[in-house]
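Just one chain follows, in the form predicted on its own, and it is written as structure tokens.
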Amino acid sequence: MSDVLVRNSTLDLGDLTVRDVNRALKAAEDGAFTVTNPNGVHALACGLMQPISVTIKGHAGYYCAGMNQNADVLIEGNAGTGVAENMMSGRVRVTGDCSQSAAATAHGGLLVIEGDASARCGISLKGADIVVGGSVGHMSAFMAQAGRMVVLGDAGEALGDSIYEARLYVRGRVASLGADCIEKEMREEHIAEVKALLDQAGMDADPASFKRYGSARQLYTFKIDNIDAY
């Protein structure tokens, strides 16, 4: 069955199971595919390792495009918890809003969210890039170790709590900064970095209007004087 599905550019979840669709997409070595009638199903288009293009016509559930590697996934709607979770490379784009933990532990690639992202966007980020056209919720970039996040809107409370070396850029208001996260100087190289990420995401904003946030590097090793911050 999977060989028949791979040759078909449209995969209808009204007729097929999620397992059928995922099996077909993982078996494809190239090509463009459209998934119709997703109706918020979970774990759709996960673990893709080939440079294929996948367009999901509607809302996706939990962990859509998780563990992505090389694929270009477009979600024309909203996405549930953990979109692009543990992504290694490739591109994932959401035209709507995302629930919590978008791009959790993602090592590489680019996640673009045209709308808002909920709590813990970029939690434990390990090297991927995230561009959010709207705002992000509380504790976004919590324990983010590497990578970059650009937010065109506002950020909720405790941004960058316990952050390591990830770089955060926010254009709007930040409700509060988390432990060991501070505002940093926005130099010319950072403006250029934001511009490049905005260009990749296809978003229009003045890169000089962003503020940069990162680690104060006070929590790297345990210090008894900082016990209240742990």
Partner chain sequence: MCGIVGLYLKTPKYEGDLGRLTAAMLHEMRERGPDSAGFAVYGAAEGATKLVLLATQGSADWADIAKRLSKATSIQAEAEPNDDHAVFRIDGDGATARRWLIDHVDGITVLSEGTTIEVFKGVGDPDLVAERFGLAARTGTHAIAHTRMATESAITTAGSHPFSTGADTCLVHNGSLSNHNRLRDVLRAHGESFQTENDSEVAAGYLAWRLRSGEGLEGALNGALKDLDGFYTFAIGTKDGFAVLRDPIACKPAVIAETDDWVAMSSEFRAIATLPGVNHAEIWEPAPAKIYSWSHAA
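Source: prediction; values computed, not measured. Positions refer to the first chain, counted from 1.
In what follows, reference is made to the form predicted in complex with its partner chain, a form of this protein that is not presented.
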- Message: Only one of Q145, S118, N86, S89 gets a heavy atom within 4.5 Å of its partner chain in the model of the complex. Which one?
- Response: S118
- Task: With its partner chain left out of view, choose which of Q200, N70, S176, N39 has a non-hydrogen atom within 4.5 angstroms of it in the model of the complex.
- Result: N39
- Does any heavy atom of H138 come within 4.5 Å of a heavy atom of its partner chain in the model of the complex? yes
- Query: Is Y164 one of the residues lying within 4.5 Å of its partner chain in the model of the complex, judged by heavy atom distances?
  - Reply: no
- Contact label in the model of the complex: N78 to its partner chain, heavy atom within 4.5 Å: yes
- Item | its partner chain contact in the model of the complex: S124, any heavy atom under 4.5 Å | no
- Message: Based on heavy atom distances of 4.5 Å or less, which listed stretch (186-194, 57-65, 201-209, 166-174) is in contact with its partner chain in the model of the complex?
- Response: 57-65
- Query: What are the residues of 163-186, in order along the chain, with a heavy atom within 4.5 Å of its partner chain in the model of the complex?
  - Reply: none
